[in-house]
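Given as structure tokens, the chain that follows is alone and in the form predicted on its own.
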Amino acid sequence: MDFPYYPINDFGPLMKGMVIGGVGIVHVFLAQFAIGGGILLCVFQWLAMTGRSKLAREFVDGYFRWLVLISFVLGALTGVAIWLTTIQISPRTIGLMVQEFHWLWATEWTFFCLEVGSGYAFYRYGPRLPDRTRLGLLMSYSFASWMSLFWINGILSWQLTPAQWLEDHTVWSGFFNPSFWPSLIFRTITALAEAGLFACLVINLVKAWTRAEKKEMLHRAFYFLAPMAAMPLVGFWYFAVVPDDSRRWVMGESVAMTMFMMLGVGTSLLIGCYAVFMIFNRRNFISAMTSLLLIALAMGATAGGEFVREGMRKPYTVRNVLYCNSVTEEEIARLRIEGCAIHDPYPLKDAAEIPTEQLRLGAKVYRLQCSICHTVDGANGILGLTRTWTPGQMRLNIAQLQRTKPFMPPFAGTAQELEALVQWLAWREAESPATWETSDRPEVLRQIQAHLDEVGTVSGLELMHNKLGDGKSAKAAQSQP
């Protein structure tokens, strides 16, 4: 059996996706601040050089310290944390991304090194350098940080819209995928807006400036929020190129994704309206507390956007290639015969407390196929979701997961493994008693196998497409065991 097994970390009541998402949202927010901040600093340095603002040079020096302390330090820490958490939770997905785009990852790393080198050079020597040299360093930093986004954006957008890559498996068809450009433009606009909001906070913290001087600089910073007017158009472009089922989930078929999308849209709209008001009404002043409130709204918009971006890929981590539980479409039919957990070499936590071999098998099936998106009784707890199901209903729903919830992958295991999972869930729901009767009735296993055979190994998304009549019935038929 050549199916790859990995040691899987457990985060207790925290869903694994929440751990990745929490770290990822903070990192994305900080990274976007670094990108937009570099562009903003170039503009303000140019204002200082051309004599358009007497305060711009002083602002650049002060703002860059914040950029280094917040973005460089915390951004670097959360960047490492993302790699640490993802390789613990979804190592096969990370392995596939590195395998397909390793030279692009290396290219991104060179730009990151340039970003760090030019950034720390400016931090150390910037105040003593002439204006042209300062601008050169800032442009180097800004270009490198945006190019880092350029390369990472292509790899991340490939996960949802691999498109032509599925046919030719070439690097550039995967990288310049359909959602590459709208995603890149949207993130660039977001980065500029974040930079402008942080600039408002920094300006308010400069004690030496008068209120009039602060007001002048605040209005200059607010122009970086003006590109937000293009966000709706870019958003429509993005949703036009993503798969139909992903778009339908966001537009109402998945209430969680719809709510998070509305969170992102609503907070962005509030920030945008406030920016328009400030740009056209120069008599108004924004305080430090208001700046913090707007930054918090921007953080909420980032959280909503990242949740939707991740959720739209379900049930895949790489569309039509790798399911979220790290099983490929081609492996499901084989695992239905050979089993998914019987060859798992890693021991169970507290295995001695599980009374039967069948329950231990069920615990391994849960760990391999369910734990990436569910906890036992914490966030998105599987016990809570199945508590009202009868044993027969549970066997049917799990055997035909892709019908139960189309954003869940098909069950990849034997009838014996499915029954072991059902018994393990019942045992846990009964508060893990010291004894438990083994369920091995032939008629039960035959019924489970019939449920599995009926739905086959085709994904829930293809079942929807087939029902809608989009010409994929041939592929669906080929997926039957």
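Remember, predicted model here, so these are calculated numbers, not experimental data. Note that residue numbering follows the sequence shown and begins at 1.
Beyond the structure shown, there is the form predicted together with a small molecule, which is absent from this document and is the topic of what follows.
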item	value
Non-hydrogen atom contact residue 179 with the small molecule in the predicted complex at 4.5 angstroms	no
Partner proximity in the predicted complex: residue 145 to the small molecule, non-hydrogen atom cutoff 4.5 Å	no
Proximity of residue 220 to the small molecule in the predicted complex, heavy atoms at 4.5 Å	no
Close approach of residue 72 to the small molecule in the predicted complex, 4.5 Å, heavy atom	no
Among the candidates 288, 296, 385, 233, the residue which, in the predicted complex, approaches the small molecule to within 4.5 Å (heavy atoms)	385
The small molecule: the contacting residue among 122, 224, 407, 165 in the predicted complex [heavy atom, 4.5 Å]	407
Which of 85-93, 264-272, 207-215, 372-380 lines the interface with the small molecule in the predicted complex (heavy atom within 4.5 Å)	372-380
